[in-house]
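As structure tokens, the next two blocks hold two forms of the same chain, structure 1 and structure 2.
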Structure 1
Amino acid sequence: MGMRRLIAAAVVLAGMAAGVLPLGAALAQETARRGGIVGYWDYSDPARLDWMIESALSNQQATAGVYSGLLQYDPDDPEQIVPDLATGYTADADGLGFAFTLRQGVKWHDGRPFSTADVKASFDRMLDPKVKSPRCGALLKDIVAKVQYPDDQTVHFRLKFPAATFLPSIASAWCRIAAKHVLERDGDLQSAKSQIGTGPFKFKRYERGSIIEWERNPDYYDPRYPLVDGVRQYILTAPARQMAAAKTGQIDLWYPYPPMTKTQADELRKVRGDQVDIIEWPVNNVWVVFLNTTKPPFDNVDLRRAVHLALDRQELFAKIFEGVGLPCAILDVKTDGAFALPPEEVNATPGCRRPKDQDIAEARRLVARHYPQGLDMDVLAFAYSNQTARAELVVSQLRKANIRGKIRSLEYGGAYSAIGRGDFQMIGSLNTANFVKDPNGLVSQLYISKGGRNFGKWKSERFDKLADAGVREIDTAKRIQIYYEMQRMLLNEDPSGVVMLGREYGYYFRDKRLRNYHFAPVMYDNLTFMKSWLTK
């Protein structure tokens, strides 16, 4: 984004904040109704509620509507960044700083006034090198040089370098603002009593294993919102119970994880097709195989490449996801826009193209070069969800390339422990979610040498430099080319310690009585229900 576009965006944001520009299109077409309770569900209990130092989706689901950030993704159009606790921002002339003007008159849910001190306390904590902040901290620590508070209405971020990822990070659901007095009182935000925000909803109650409930914040800074009286999230861990709740109309929304399978969506369509809108939507999740690049055999690029070539992603997606999803894609046109390589290019690369014969022959040749009798290896599989079944499919495909895997299935704790110790050669199947609307989100987690989920510890100086350039480049056209180069490198040269199987898609539903709720490109970014309403 060039400097002129940044300033233009700032003007637009300021205009929207002042109420000069129109609200969502849905509100213009249909009169929003106040009242009612939205019901949806959460796949698990959030173990702890402190979103500053946690990373689970369940954590974000539990707290999203309670807090506000400086910016947010627009609930009317989750592709766009709009103001929240900041009424707007201006960029420094050198592109190395952003000044945010804070909204006045905002109150915390306990009635205390919101101020710059709260913003300072929040960013001081998330940017503290001693505090592990796996989302916001991970996004900002490498970028932000210092945060200054020149007056009681302004927050000024000075960056280490011009960074295209800065604004998406600030608008991310993980970079919200907590109350200084709560952090001082409780030390963290882990418990329900610490959930004091400035968001559209107050945290009402949390019965572990059963329900998380928000109620309308009558003192929300924008008196037009929220429109519903509350939100109830039921903790439903069993797929059978989730589906049963959907079929009997106990929930208004199926989002965000896990999605329905095609079969489940068809079942629901038969029962409540006239009452719900069912859509196919990206899960913003990649399905991958990890290779440990610190020891044989996958410290050798030939063997990594052999695995990449041998795997038939189309068949894997057909068997596991009933053909839904984007086999082989690293970035997704739908969520990453122009940064994603065109699907026709991806699907023509060796390893991704069909038929597979040529690639399998090449994979066999690469294996034979180093292991003439074929390669025997250990394959770690997670014994939860259907990860072991997925790993078995991967292993069965690799046999065609003379790679013989033996599955070692471990439950959650044991598997993460083995990963941590580097006690694996291959992880047969795992998913990773992108948590920010920027291509760097996935790249920085999975591929760079310091990436938190670079479990295979792959290290490529060239790739690290490209990734760094991708963060620093603010010209979108040039940035797109950098991400193209990264994807081409992974697809055509070295697949890294992460062999990409593809992007997961699934089915979601929204009850027709729930209006103005839009599925977001990043699953964390539209969970506030601020502008949603119910017809009855």
Structure 2
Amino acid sequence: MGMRRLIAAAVVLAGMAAGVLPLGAALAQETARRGGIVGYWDYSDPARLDWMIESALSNQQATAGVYSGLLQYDPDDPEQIVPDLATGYTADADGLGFAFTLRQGVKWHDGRPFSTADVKASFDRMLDPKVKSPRCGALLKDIVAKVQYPDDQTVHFRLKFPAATFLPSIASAWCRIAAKHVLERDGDLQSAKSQIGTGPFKFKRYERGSIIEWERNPDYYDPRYPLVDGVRQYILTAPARQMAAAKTGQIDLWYPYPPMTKTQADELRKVRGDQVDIIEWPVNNVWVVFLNTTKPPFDNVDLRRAVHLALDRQELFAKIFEGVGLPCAILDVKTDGAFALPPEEVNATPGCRRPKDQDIAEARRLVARHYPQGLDMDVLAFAYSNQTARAELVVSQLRKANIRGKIRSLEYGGAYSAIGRGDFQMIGSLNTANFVKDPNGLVSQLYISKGGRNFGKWKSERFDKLADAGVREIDTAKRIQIYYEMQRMLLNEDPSGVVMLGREYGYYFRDKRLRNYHFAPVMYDNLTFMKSWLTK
């Protein structure tokens, strides 16, 4: 989006009336009903709830409806940015400043008033260079020069340069506002008692490994919402248990991750029939293998290249996703549009092309150059959903290149602790979603040297410069060419510490009792159930 369009969007949004948002199409045709509890689920126990310094989807799901941001993606139309704690904003003439006007009369869930001090405390923490904020911080640290508070109703961001990513970042579900008094009292937001927000729901309870519950906030700033009394979020780590919940009607929504396979979707249709709507949807999620580039063997580019060449993405997608998705793609034409390399170009590159004979032979040659008897290594796997099974498939393919892996499967928290310590050679399977509606979201977290999910610690001065140019450039055509160069570099030259397996697609269902819920282009957005309601 060019700067003129950014400024025009700012002027339009600034003129919107505070608290008066249009009802969705579903509500226009039938009367919304109050009451009821939405049954929902989370694929993993979040364990730690501090969304400012955590990055997993389970952290976001656990707290999404509890907090508000300055802006948000509209629950009626998740493609559009609308006011939240800010009633609107205006842009400075030079495109380097944005002034947000705060909504008045907002209360925290404990009854204390919301103020600019809370906004300041939140952004001070997320923008602090000493604080690892892998989502919001990763989006804003490089582009925000300073945040000022000229009066008790205004927050002004001054940018280092015009950035097309700024407004989508501020509206991101990860750039929410926390209470200053809670941060001062608790030091972080890791515990359930720290979940004091201004959102449509209050955090009611968290039983680890079992359930998370929200209850309706009767003092929400828009008295029309929320419509349901609460959300009951079951923690379901086993695929069989997830399907059982879907078949029995325990959950009203299967979204956002992991998606159902086609076989699961067909199975659910047979059981639930016309009680549910089932759709195929791009997950905006990548499936990757991480290589630790800070120590042997993957500090050696030859060994990283060998892994990239040996893996057969088409076979992996056929076995895990029944052929649904985009093997090898870094950016996706359906979600990233013109920024994505054409699939035919991607599928012709070494490591992605078929047949695999030539690539496997080259992978074996690279391994033999450094490990004549073959390479033995440790492979970290996550013990949730089917991640360990995915890692096993990856390991079985690598044997063709004389790379032998021994899987070490850890539960969610233990696996992330090991990653934080750098205690791994390979992460055999992991998923990462783009967390903002811009290709920079994926690039900034996975590939730049200080990326929040660059778990392999790959560093490339050339790539960092390209990524920086991609954020700074406001001409769309020029931005596209920059992202093309980044993708070609990763596919054809140095595969980095992130071996891309491809982009996931899958199937989701929504119980027909659940009205006015819309799937979002970015899986982290629109998880609040703010405007959704249930029929009897």
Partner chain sequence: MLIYSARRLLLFFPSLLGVTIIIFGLVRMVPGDIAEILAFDAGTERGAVVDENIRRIRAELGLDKPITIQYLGWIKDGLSGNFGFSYWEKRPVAEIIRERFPRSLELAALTLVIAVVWAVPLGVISAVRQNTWADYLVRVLSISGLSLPLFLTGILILYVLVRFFAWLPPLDFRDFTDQPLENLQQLIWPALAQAIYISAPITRLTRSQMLDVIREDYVRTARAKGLSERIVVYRHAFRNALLPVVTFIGWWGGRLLGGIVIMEIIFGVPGMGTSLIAAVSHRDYPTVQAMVLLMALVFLLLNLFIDLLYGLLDPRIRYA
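Start at 1 and count along the sequence of structure 1; that gives the residue numbers used here. So that the term is clear: the rigid core is the largest set of C-alpha atoms that superpose within 1.5 Å between two forms. Since this is a predicted model, take the numbers as computed values, not measurements.
Of the two forms shown, the one predicted on its own is structure 2, not structure 1.
Core-superposed comparison between structures 1 and 2: the C-alpha position of residue 488 differs by no less than 2 Å. With the core held fixed between structures 1 and 2, residue 91 has its Cα displaced by under 2 Å. C-alpha superpositions between structures 1 and 2 give a turn of 22 degrees for the smaller rigid part relative to the larger. On a core-based overlay, residue 396 has a Cα shift of 7.9 Å between structures 1 and 2.
Core fit done between structures 1 and 2; CA of residue 432 shifted by 2.5 Å.
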